[in-house]
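Next up: a single chain in structure tokens, the form predicted on its own.
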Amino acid sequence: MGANPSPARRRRTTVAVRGAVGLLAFLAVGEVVGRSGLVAPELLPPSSVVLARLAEIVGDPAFRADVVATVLAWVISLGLALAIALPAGLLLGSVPGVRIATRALVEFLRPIPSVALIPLAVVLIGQGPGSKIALAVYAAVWPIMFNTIYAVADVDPVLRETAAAFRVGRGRFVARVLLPAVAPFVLTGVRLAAAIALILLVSTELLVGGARGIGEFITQAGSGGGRMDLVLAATVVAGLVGLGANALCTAVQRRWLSWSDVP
């Protein structure tokens, strides 16, 4: 007889089953409401119609190019945000003087909605991919940076004292002690930033246009004839991209950070 699955695997299976049941229930409600006549079908098509359109647009090369454009911009944005936020978080978390000197500026910039900066980005950068990437980077930097700052402050003092006792150099301390200690928190920040960056990318494509992407497809589908079935189908694809990104981050955490309790 085979070995019994571990508690963690059973828990993941239970979560997956419950998630599937919830999704099926949501689709069933959408089907009933869409066919009940309470809402005009052209405004809220049934779930079966949306899924049929989803199958159609997935086979459309033009839509696949839009998805690739959004995903590529998302990858670039997240990589740039991580490259900026991780060193900045390590610096601000490790050097109190720098953190105090920049606190007012950080607290001023952080609450500014990224969507409110779309006109400024369009004026400075234009309507191409650069503007949506810049806005996504701006929005994604904050969760990664603040998670890193808090993680640095939470490093076990015993580790610091041990490194100091053995005269570990600054660079080696960062590479061997600090980065492994903050990695789970940084990954949590990346998971949050991934969702935020995707939202900003699609929103910018919706509002600005001028570049390929899922948001541009939604804008074109919603204008003119107002094909809500296509709009909702493309929205489902955007949600699936976000779901896949979160699943990837979770898999990375389970593979390389299984010792961490950070969600």
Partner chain sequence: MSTRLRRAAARWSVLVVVVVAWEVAAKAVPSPFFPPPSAIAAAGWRAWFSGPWLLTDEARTDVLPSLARLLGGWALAACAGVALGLAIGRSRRTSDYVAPLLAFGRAVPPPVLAPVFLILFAVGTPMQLATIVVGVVWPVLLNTADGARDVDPVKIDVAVVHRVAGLRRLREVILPAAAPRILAGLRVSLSLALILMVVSELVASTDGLGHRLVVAQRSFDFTAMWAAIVLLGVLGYALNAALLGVERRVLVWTR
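Residue numbers count along the first chain shown, from 1. Just so you know, these numbers come straight off a predicted model, no measurement behind them. Only the largest set of C-alpha atoms that superpose within 1.5 Å between the two forms is called the rigid core.
As for the form predicted together with its partner chain, it is not shown, yet the points below apply to it.
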Among 151-159, 80-88, 170-178, 97-105, the stretch whose residues bring a heavy atom within 4.5 Å of its partner chain in the model of the complex is 97-105
Is there a heavy atom of V29 no more than 4.5 Å from a heavy atom of its partner chain in the model of the complex? no
According to a 4.5 angstroms non-hydrogen atom cut-off, is G226 in contact with its partner chain in the model of the complex? yes
Give a yes/no on whether V15 approaches its partner chain to within 4.5 Å in the model of the complex, heavy atoms considered. yes
Determine whether any heavy atom of P46 comes within 4.5 Å of a heavy atom of its partner chain in the model of the complex, and answer yes or no. no
Within 4.5 Å of its partner chain in the model of the complex, do we find a heavy atom from each of I196, V202 and G222? yes
Looking in the model of the complex, the residues of 231-249 with a heavy atom no more than 4.5 Å from its partner chain, listed in order, are V231, L232, T235, V236, A238, G239, L240, G242, L243, N246
Core-superposed comparison between the shown form and the other one, V231 Cα displacement 2 Å or beyond: no
With the core lined up, does the C-alpha of P41 move 2 Å or more between the shown form and the other one? yes
Rigid core aligned, does the Cα position of V158 differ by 2 Å or more between the shown form and the other one? no
If the CA atoms of G19 and L248 move by 3 Å or more in the model of the complex, do they move toward each other or away, so closer or farther than here? farther
Shift in CA distance, L187 and A20, in the model of the complex relative to the form shown here, given it is 3 Å or more: farther
